[in-house]
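Only one chain is given next, in structure tokens, and it is the form predicted alone.
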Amino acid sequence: MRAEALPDSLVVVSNRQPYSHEWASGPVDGPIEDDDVTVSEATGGVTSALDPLMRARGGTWVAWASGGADMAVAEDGVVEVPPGEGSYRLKRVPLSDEAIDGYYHGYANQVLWPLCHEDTGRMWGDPTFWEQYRAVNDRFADAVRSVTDADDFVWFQDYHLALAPRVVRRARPGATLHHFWHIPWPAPSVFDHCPHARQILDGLLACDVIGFHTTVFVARFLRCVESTLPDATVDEDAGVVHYDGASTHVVANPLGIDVEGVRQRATAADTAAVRRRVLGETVPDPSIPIVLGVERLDYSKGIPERIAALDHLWERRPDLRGAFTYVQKASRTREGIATYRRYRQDVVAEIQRVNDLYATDDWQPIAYTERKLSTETLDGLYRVADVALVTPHRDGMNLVAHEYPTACVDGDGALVLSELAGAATQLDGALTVNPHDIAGIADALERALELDDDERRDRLERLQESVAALDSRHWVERQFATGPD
């Protein structure tokens, strides 16, 4: 192993881009003026961790051109960002609707996503999915080659880009390649379901370093390599794979959040205004405690079980009816996939059923919103909440579990957390649950609501200390402190 300084310049490669451009009122002919386009900045997760690094050190970010005006404002596919600052370059990869359907909605999210979340019954391996996934990874690799020199640092992000490292390695044998796999890695018995297991591993093992959030995922990956690639040699103790004449270090490097940024936004939030904006008339009484869930409408997030747990709790404890309101902040996602559209319908129907069952003239049990919230408003909503329910079936990390306690700047808050989220292995102070145990979730919520002041403060302080130790700045530093001797 070696400890090295952060690279002076870096090429980041991800499906999602940090900034996107949309037409304000439709495409224009002739020169484009500033008011012809709007710019949106991606928030959370990888972008919030890497954008500050790129601003400080420069380099190039390669990503899918997802905005309608993205290519029109770019020269040879490249635009300087952030707007008005131009700290680094964004190299955009335009994709056709056919490519998006096969690569993103298809292979990435109907093969790799359910596979890695160990929900193989949802896998669907249409042959065109693999064809497009491979073709789009080639296109990303071409884009990387166009913006790199022989010995550059390239950092690939997530399951969308498992094959591109091998293609780049052939063209840039002297480059330093890293990959970070942000979602869980499955057990070998589950990975066996992958129809292209060898190709996925071969692509990833072109990297010098592969990062995962937890040691569990590292161990699983190494076992999958051992069982799938007989010509690979795995040193589990050292976390090194020797394959195709090269060595790959496989490391656990948990991603955190911008702790100070969340804390500052939560502190500055007008909590009364946040309640009015997000909840409106659904929770008019500011004295009613709020229990909060925040996630995308993805079947891995465990929302139906959570709603069933609320039903179970209110049925078992009639005295808690009217004692708190559950707020579900949801975001639509991957609506090009029928499974996701049906999932949203099921969630909304279950919320309506529970509300019909328990609502009174002056109390709504569950408030549901899909409203797009700014980071300032979301951090204020975290601060408003007395309890957060974070109960995914499985998650690589889950940064809501980091953001919520950080935003509890008033020293009050409790977290109920799935023991199958990566965050559960990193954070101390949460009330952990099996996300499939409906009665167990209800019991944990009941306990969270009834914690005495001393235990509540102690648990929250431990959570905040755990989150601070995983600040996203440290994630970047740790990633580049590992590599070949």
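Just so you know, these numbers come straight off a predicted model, no measurement behind them. The first residue of the shown sequence is 1; numbering continues from there.
Although it is not shown, the form predicted together with a small molecule is what the next lines describe.
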Next on the checklist: Which is the contacting stretch out of 378-386, 333-341, 137-145, 67-75, given heavy atoms within 4.5 Å of the small molecule in the predicted complex?
Outcome noted: 333-341
Next on the checklist: For a quick test of understanding: in the predicted complex, does each of 109, 113 and 158 have a heavy atom within 4.5 Å of the small molecule?
Outcome noted: yes
Checklist entry - Though the small molecule is not shown, can you say which of 46, 445, 53, 427 has a heavy atom within 4.5 Å of it in the predicted complex? => result 46
Checklist outcome for this item: Answer key: of 314, 88, 221, 104, within 4.5 Å of the small molecule in the predicted complex (heavy atoms) is 104
Checklist entry - Is residue 16 close to the small molecule in the predicted complex, meaning a heavy atom pair under 4.5 Å apart or at it? => result yes
Next on the checklist: Please determine whether residue 276 contacts the small molecule in the predicted complex, using a 4.5 Å cut-off between heavy atoms.
Outcome noted: no
Checklist entry - Is residue 291 one of the residues lying within 4.5 Å of the small molecule in the predicted complex, judged by heavy atom distances? => result no
Next on the checklist: Can you tell me whether residue 183 touches the small molecule? I mean in the predicted complex, with a 4.5 angstroms heavy atom cut-off.
Outcome noted: yes
